[in-house]
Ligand SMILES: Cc1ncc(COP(=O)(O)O)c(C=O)c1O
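First, one chain by itself: the form predicted on its own, in structure tokens.
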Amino acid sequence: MALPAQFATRMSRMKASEIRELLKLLDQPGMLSFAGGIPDAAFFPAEAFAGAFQDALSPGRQAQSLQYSVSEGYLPLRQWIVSHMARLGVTCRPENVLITSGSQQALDYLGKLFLSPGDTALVGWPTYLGALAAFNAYEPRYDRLRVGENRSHAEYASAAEAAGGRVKFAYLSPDFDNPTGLTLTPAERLQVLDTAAALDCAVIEDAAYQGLRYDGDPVQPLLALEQAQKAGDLEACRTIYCGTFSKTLSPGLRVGWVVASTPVISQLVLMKQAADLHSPTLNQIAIHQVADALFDPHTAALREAYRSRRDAMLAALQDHMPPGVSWTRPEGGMFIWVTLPEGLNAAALLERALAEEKVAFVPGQAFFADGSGENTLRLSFSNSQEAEIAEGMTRLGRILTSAN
């Protein structure tokens, strides 16, 4: 029996992550990688986690930590998230919170919840490639979410209907977007909410980098803005907030969360039950203890460290990029988006960069639903020291100068 012949048609839309493949290069001697959006492991609160795991596995607690648990998630952790969301301007209850295995699982569940084949997802151009990978399995059509541009709601709707479906959600990362590093203004956020209301679709707010602001005034999450419009009633909100501890405390423990109205959460709970029953209880207990003890001072220290690295990369780009190359100047997060002169292909340049200079980045084409963006690339500064950043941008500058 030829099993591949029996694979579902959706598998034709599933592709290997370019970032996952590039991460395999990190162990090569002399390689400088600015590819993955990886937190610096030197900042992980390892001692705090060691104590938390030891406490969770003590004789009085090990039965709970090692046992099956509820699909919604560890209640004290959900209660901590309720308090955390309140500081962001969102009023919710534990019943509005679901713990997921990282926010990536949340994106997969939300794609499954909303998308039938042929339905439309509004996304950025570019957008997070992990979101595209999660949604692709449910065979959507993608349309460009034009924030700050004039496009009528009827135009979105008619294009979706012509494709045989309807607009089901707008997906975006409004704070320090992956891959561009850009942040939406309050007016732009309200525009997204107005568009979603006119189309009667959901809004998926990917807030993975929300806590990593280095400059400027904080901007309220979309969910907080919508809740304020709805007189504080989360149950009337269409925005679904996806958070994670991966960029702040630990990516390896795979703990994220969703905050949404109870009808959405109840459906996601059913998916959680069918997929993996619940996220690991031991990890949730440890994350709760560490977050409760030091989340705010820890993220403050992260912001100081990553701000210096962002500044180092911006300065190095200014010093070493040839004419015709431009880049974003993010107020936070982990990424800088680079646009090359027309006619240059970042994927082809990556091959040269790896072979000749031992420097890695992510070609931008992977972040476009239509496969465009050949002359763009993403750089991450979070996992490199300032000296490595300066050397890496020197190497990248040599490649780009020779390519012009």
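Only a predicted model underlies this, so the values are computations on that prediction, with no experimental measurement involved. The first residue of the sequence shown is number 1, and the count goes up from there.
Only in words, not in the display: the form predicted in complex with the named molecule, which the text now covers.
- Look at 247-255, 273-281, 137-145, 80-88: in the predicted bound form, residues with non-hydrogen atoms within 4.5 angstroms of the named molecule sit in 247-255.
- Proximity to the named molecule in the predicted bound form, taken as a non-hydrogen atom within 4.5 angstroms, holds for one residue of D206, E226, D108, D119, which is D206.
- Only one of N96, N178, Q210, T239 comes within 4.5 Å of the named molecule in the predicted bound form through a heavy atom, and that residue is N178.
- Of the heavy atoms in F169, none are within 4.5 Å of the named molecule in the predicted bound form.
- Contact annotation for S103: at least one heavy atom lies within 4.5 Å of the named molecule in the predicted bound form.
- Although the partner is absent from this view, T183 stays clear of the named molecule in the predicted bound form, with no non-hydrogen atom inside 4.5 angstroms.
- Using a 4.5 Å cutoff between non-hydrogen atoms, Y128 counts as a contact of the named molecule in the predicted bound form.
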